[in-house]
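What follows are structure tokens for two forms of the same protein chain, given separately as structure 1 and structure 2.
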Structure 1
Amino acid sequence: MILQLSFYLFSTVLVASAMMVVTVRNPVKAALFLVLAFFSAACIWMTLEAEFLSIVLILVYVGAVMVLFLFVVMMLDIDIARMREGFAKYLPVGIIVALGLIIELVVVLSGKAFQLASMPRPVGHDADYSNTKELGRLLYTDYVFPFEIAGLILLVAIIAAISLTLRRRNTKYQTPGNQVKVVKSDRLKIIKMKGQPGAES
């Protein structure tokens, strides 16, 4: 009974905070509501005995990614009034897309595959059960090929991001080899000037 109440409580907070992320106008508040959504999802995973995934979600997304998002949002000078100008222009398209997503979700979730009989709650485990050990065993045995493909895709994404940042643009580049070879005469030039009569010494 307590698990069901906690599930409905965290689910309500999760859905409400996700809606606030989309509807709120202030980007800083939207990022804070996204932190609340991540925390609620972590609490739901904790009730399902997925402690490792819950802690990773809090440490990685709430502790690192969202802090970076907040830093970028607060450092950028975002014109809120300019952002609101195109809201009414794209509102009909947004409503059509939202209705399409809602219809798809209703069709998928109303099937037999998502009923409680086909997806029962996981049974409880003993105190010596290791969630991290079981997750690692599944990743490196049954799902090792998809895991390697995901790692390869992330590697390609990292290489592509680095390649895009190193494109030749109107920026100045430094060559460390040339900087090391610099001597004092290349940087410093002493000019002797004659003293002005009547100048204070």
Structure 2
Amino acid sequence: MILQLSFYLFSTVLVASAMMVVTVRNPVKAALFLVLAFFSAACIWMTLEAEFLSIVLILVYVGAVMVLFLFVVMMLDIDIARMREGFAKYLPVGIIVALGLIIELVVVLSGKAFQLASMPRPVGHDADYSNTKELGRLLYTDYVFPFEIAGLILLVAIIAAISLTLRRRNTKYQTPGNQVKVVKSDRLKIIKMKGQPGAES
């Protein structure tokens, strides 16, 4: 009962906040609603006994990706009025695409594979079952080789990102000590010149 209630609660919040993401005017608010949507999704996963995934979703998406996202959104100067300009122009195309998607969804979801009968309720695990541990066991035994290679791929990504963006610039700077030590003879050179013939002295 509580499980069902919480499912309806979280999915209502999820759908509502997802709607807000696309309808709200302010991009910062949209990003914050996206955080809420992720959070509700994580809660639903938690009720499905996928606790590892739900925590990772919060840590990675909410904690890292969305913060970056917000950061970028705040730095950008987005002109909302200009973005809304083409609304009427693109509306027909948008409606057609949306209709097409809806029809596809209906066709696929009404197929046999998605009937309730072909989706039996999965068996729940005991309280001492930890899917974090199970995932870890799988990753570090059966799939240890691809897992290690994935680590190498991340290493390559780091090396590439740093070597492509880090520039050792020849920055010009002052050394106060040297400035103080300067004497007149270092900078000033007095040259004796012959006066031009005929010029008045």
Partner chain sequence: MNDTIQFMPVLPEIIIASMACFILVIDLYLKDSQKMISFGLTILTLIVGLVFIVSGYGQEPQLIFNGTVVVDQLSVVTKFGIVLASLLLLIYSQQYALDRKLFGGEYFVLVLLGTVGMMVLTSSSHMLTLYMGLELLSLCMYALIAMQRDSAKASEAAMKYFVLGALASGILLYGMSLFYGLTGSLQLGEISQSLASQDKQSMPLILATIFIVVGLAFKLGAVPFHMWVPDVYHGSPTSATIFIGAAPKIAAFAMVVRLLVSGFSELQIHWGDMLSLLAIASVAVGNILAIAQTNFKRMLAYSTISHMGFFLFGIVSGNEHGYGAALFYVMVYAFMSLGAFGLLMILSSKGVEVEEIEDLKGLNQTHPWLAFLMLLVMFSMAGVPPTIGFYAKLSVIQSLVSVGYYQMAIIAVLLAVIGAYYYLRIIKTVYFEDADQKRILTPQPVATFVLSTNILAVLWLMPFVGVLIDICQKAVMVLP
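The first residue in the sequence of structure 1 is number 1, and each one after it adds one. Keep in mind the model is a prediction, meaning the values are calculated, not measured. If you superpose the two forms and keep the largest set of C-alpha atoms that fall within 1.5 Å, you have the rigid core.
Two forms of the same chain are shown on their own. Structure 2 is the form predicted in complex with the partner chain.
Once the cores line up, the CA of residue 19 ends up less than 2 angstroms apart between structures 1 and 2.
With the core held fixed, the Cα of residue 68 is displaced between structures 1 and 2 by less than 2 Å.
For residue 182, the Cα coordinates differ by 2 angstroms or more between structures 1 and 2 after the core has been superposed. Its Cα shifted by 3.1 Å, residue 95 is compared between structures 1 and 2 on a rigid core fit.
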